[in-house]
Ligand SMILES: Cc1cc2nc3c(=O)[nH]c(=O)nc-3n(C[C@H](O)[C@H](O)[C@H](O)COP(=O)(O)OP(=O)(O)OC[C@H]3O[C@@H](n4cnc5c(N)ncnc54)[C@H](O)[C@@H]3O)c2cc1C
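Only one chain is given next, in structure tokens, and it is the form predicted on its own.
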Amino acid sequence: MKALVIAETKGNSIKKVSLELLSQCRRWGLETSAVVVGSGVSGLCDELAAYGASTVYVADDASLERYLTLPYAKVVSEAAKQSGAQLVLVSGSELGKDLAPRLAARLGAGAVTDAKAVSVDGGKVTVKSLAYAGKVMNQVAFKSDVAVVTAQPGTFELADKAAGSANVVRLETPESDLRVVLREILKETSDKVDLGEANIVVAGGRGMKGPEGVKLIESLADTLGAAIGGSRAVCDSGLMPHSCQVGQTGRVVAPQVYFAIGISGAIQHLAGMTGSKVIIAINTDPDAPIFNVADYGLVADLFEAVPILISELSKIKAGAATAAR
């Protein structure tokens, strides 16, 4: 079976989630290609090869520096056709969610977004994904010859790099999309860890009560080198920016460790974080739904528990730093 992974870039590097997708294709033993689109991306081919891409399709042009649906869909669909891919994988990012349906239409393919699990057996692809805000798990098999699947970061484990170089195939730059002109991208600037790429996420809910609670969450996140998240309630109230919102109408995350602090565990929130490898919950209500999905739970007031947690983690870090000298 042949697979194609759409490699997303950030600055001059490949996003970790794209390397996770390549790693999983290698575990499945698939004949895997990658496609990378952008400006100044030709130098990334060897890294893609190191994670399992035997062929890398490249569209490198200044006009492709910023994502636009139509030009990217043209390039990626051409790569899919040339590679003969039966499975096309892309991350469940904003780019992936926008690109996947357009790509599926061009390829006459079936598409499933936000896969929680993907299996490949005898040339057949089966995908599990959540529906109805996490109440139902779909299991989908494809009738089409090509399957397009998006998966969130952390769905698959990142493999070690392997030696190798890719066969590079250069694709023609598509004509500009005259119907859409991208004038400007406005985004918040922050030195915090990106929520979608983080290995650890510390998220707070209504239990934070106010700015003092937010400071505690931020302090714990800084101690752990973690990204900060929040429930819809605290983002709607203005305690946290909406860019931090985790849930059905916010970001979907799947870190190695997710701290849910002062979060009750509404279905809307669970839809965005149950893919986390380990969930640690702190809440004063022993009947809070968050404990139904937590691997470790602590019934306690976060204003008492979090300072102790920060203190103990700081001691561990200080001890490790001393031992390393």
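As the structure is a prediction and not an experimental result, all values here were calculated from the model. Residue numbers here begin at 1 and follow the sequence given.
The protein also exists as the form predicted together with this ligand; that form is not presented, and the subsequent description refers to it.
No residue in the set Thr9, Ser42 and Arg66 has a non-hydrogen atom no more than 4.5 Å from this ligand in the model of the complex.
Residue Gly250 is the only one of Gly213, Gly250, Gly92, Pro71 with a heavy atom lying within 4.5 Å of this ligand in the model of the complex. Not displayed here, this ligand is kept clear of Ala159 by more than 4.5 Å at the level of heavy atoms in the model of the complex.
Contact annotation: Arg206 falls within 4.5 Å of this ligand in the model of the complex, judged by heavy atom distances. Within this chain, Leu19 is remote from the site of this ligand in the model of the complex, having no heavy atom within 4.5 Å. Within 4.5 Å of some heavy atom of this ligand in the model of the complex lies at least one heavy atom of Ala266.
Stretch 294-302 is the answer when you ask which of 45-53, 58-66, 294-302, 24-32 has residues with heavy atoms within 4.5 Å of this ligand in the model of the complex. Interface residues of 229-252, taken as those with a heavy atom within 4.5 Å of this ligand in the model of the complex (partner not displayed): Ser231, Arg232, Ala233, Gln245, Val246, Gly247, Gln248, Thr249, Gly250, in sequence order.
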